[in-house]
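Given as structure tokens, the chain that follows is alone and in the form predicted on its own.
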Amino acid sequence: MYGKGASQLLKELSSSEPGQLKNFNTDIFEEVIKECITHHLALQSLMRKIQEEGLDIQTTRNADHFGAVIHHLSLMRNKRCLMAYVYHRAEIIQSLRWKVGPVLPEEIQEKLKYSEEEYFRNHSAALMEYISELDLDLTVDMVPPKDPYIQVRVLDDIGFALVGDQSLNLTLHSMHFLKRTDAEQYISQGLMEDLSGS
């Protein structure tokens, strides 16, 4: 049945948790592309047939015309569904850069297609370039925090790291009182947790 695969892709989007990604559905995506190719070839064939019969494409209303209309509309519907699927995933990928930082966790990377990973890298690079031009980190909280310092616990053995203007040994389960902006990147990567509750 025409359009079944495309509607499955959209159902997958609507059944997902908001802001969450499922694995890229390559099988159904490629199935819909093959269906688009089939519609395109059938449309071209019917258009050629109408022209070979010497009929005017604009005014002819025979079985070939209506068949061409069905293939054209099916092709357009499938293309819109594919674009919606890709666009929705691209929006989530962009938002991930703001939420988790420039390095995606492995469990998210496994869900991305190679072109989506490349998109994330390019988006991240463009954002970093813009931030460096402004000399202002835009990825920090949009709402100003009540206190610029937070208490954090280290969740993974990070080792020595330059935090602010000092070098700290960030060992597993150690607790520190840091500037929110210094700890934010570690928190977003799951390497630290905020104990201040803000």
Partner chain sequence: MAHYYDIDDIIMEGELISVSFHVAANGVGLDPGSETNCVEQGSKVELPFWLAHELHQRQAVSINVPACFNQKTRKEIQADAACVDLRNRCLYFYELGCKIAPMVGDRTIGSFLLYTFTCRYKEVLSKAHSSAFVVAPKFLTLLTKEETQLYEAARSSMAAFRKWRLGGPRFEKASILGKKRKPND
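Think of the rigid core as the biggest set of C-alphas that the two forms share within 1.5 Å after superposition. Residue numbers count along the first chain shown, from 1. Keep in mind that this is a model prediction, so the values were computed, not measured.
Omitted from view is the form predicted together with the partner chain, to which the following refers.
Colleague: Which pick from L168, I70, I158, I50 sits with a heavy atom within 4.5 Å of the partner chain in the predicted bound form?
Modeller: Looking at the other structure, the residue within range turns out to be I70.
Colleague: I'd like to know whether L46 contacts the partner chain in the predicted bound form, with contact meaning heavy atoms within 4.5 angstroms.
Modeller: Yes - in the predicted bound form, heavy atoms of L46 and the partner chain come within 4.5 Å of each other.
Colleague: Indicate whether the partner chain has at least one heavy atom within 4.5 Å of a heavy atom of Y114 in the predicted bound form.
Modeller: No.
Colleague: With the partner left out of view, is R80 within 4.5 angstroms of the partner chain in the predicted bound form by any non-hydrogen atom?
Modeller: Yes.
Colleague: I'd like to check something about S174: if you look in the predicted bound form, is any of its heavy atoms closer than or equal to 4.5 Å to a heavy atom of the partner chain?
Modeller: Heavy-atom contact with the partner chain at 4.5 Å: absent for S174.
Colleague: Going through 96-110, which residues have a heavy atom within 4.5 Å of the partner chain in the predicted bound form? Please give them in sequence order.
Modeller: If the 4.5 Å heavy-atom criterion is applied to the partner chain in the predicted bound form, 96-110 yields L96, K99, V100, P105, E107, I108, E110.
Colleague: For a quick test of reading the superposition: does Q185 move by 2 Å or more at the CA between this form and the one not shown, rigid core aligned?
Modeller: Yes, shifts by 2 Å or more.
Colleague: Note yes or no: does the Cα of L155 move by 2 Å or more between this form and the one not shown after the core is superposed?
Modeller: It does, since the L155 C-alpha is displaced 2 Å or more between this form and the one not shown after the core fit.
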